[in-house]
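Here's a solo chain for you in structure tokens, the form predicted alone.
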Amino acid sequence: MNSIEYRNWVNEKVNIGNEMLYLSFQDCQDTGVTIDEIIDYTERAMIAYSKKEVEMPAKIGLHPQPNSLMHAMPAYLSKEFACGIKWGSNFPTNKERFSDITPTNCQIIYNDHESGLPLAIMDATWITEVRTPAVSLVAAKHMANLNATTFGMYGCGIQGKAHIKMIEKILPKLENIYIYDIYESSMDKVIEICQPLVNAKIIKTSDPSEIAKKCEVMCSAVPIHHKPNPFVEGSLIGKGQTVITCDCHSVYTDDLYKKADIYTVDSIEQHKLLEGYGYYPWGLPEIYAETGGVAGGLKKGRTSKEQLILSNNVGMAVEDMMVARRIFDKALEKGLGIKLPLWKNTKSIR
């Protein structure tokens, strides 16, 4: 359907301008959008961004606590009629300070692209939880050895669990998954929750270097510090390995990034801005391409088993809005969520 037809369909279910839909974390899950769909939507959004088919400024942020972040992430995908903004936060100390409150908390205001009026406010914590590893999976799909038998995960929080649950979608031949976290209880929780869901054996490590030495493909999702304090020596990683990060340059020493045969980022503009904020105190390496550009065929991915490839992706609003559109539509079809009235005083409108 075209833009007006889509708006009319939405208006039949939510009276635009007079009400909007509220979708909770559970509502978003209950839409039934599958992991395979999430991966597909995420890849399409990344490709559209690198082909310059969307509008998405680099995200800006606040940092109320040490090593915390609150990011404002707007995006508009014209072909999808998807428009809105995510307000996402990560406060790594929440677990310790507030009785196990999640460190990640996100909301989306989803808008009518024709009028700018709000259509929905939805919890985006689940959306962020699944689309973040989906980005890593897209990077692995195009740049990793798809016959890999070993995978490593640094960080065993929400994102670590989600990566492990989803990784066999792209790397189906995995035999061992090695995990590392500073909290052993977090690793135990990963094994408890994820082992029944994957075929590969999940193995705890006490030394983060073990993952670097043993794993053909490795991902990381640890807290992003304002000034990185790497804990894995880049010299331990070499030819043929694929390193995928969700956390800037937080895990590995700078020499790794500088010696990679291919170094990609999800958004060049975004990472240049982060460099200005001080997240890359040793400077960014030469960027080969955007990850979506590789996925979309603008640049080649892995062409040799010997290449050392590093893909650094911090997440983009276009991915959130692409997934939010699908969740919003499914919620309308299934009658999920709560309709909230919008107060409107027509006398005040000029």
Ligand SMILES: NC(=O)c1ccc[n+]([C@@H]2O[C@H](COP(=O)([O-])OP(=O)(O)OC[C@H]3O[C@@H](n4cnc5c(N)ncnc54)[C@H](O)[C@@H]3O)[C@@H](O)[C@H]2O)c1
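Don't overthink the numbering: it's just position in the shown sequence, from 1. All of these numbers come straight from a predicted model, not from anything done at the bench.
The form predicted in complex with this ligand exists for this protein as well; it is not shown, and the discussion that follows is about that form.
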Partner contact check in the predicted bound form: of 276 to 284, 191 to 199, 154 to 162, 209 to 217, the stretch with a heavy atom within 4.5 Å of this ligand is 154 to 162
From E80, D247, E168, D123: within 4.5 Å of this ligand in the predicted bound form by heavy atoms is D247
Students should find that, of I182, L146, I203, L117, the residue having a non-hydrogen atom no more than 4.5 angstroms from this ligand in the predicted bound form is I182
query: Taking heavy atoms and a 4.5 Å cut-off, does Q241 contact this ligand in the predicted bound form?
result: no
If you check in the predicted bound form, is V314 within 4.5 Å of this ligand, heavy atoms only? yes
- Query: Counting only non-hydrogen atoms and a 4.5 angstroms cut-off, does P103 reach this ligand in the predicted bound form?
  - Reply: yes
Taking any heavy atom pair closer than or equal to 4.5 Å as contact, tell me whether A221 reaches this ligand in the predicted bound form.
yes
*Are all three of S3, R44 and W87 close to this ligand in the predicted bound form, meaning a heavy atom of each within 4.5 Å?*
no
Taking this ligand in the predicted bound form and a 4.5 Å non-hydrogen atom cutoff, the residues of 132 to 147 making contact are T132
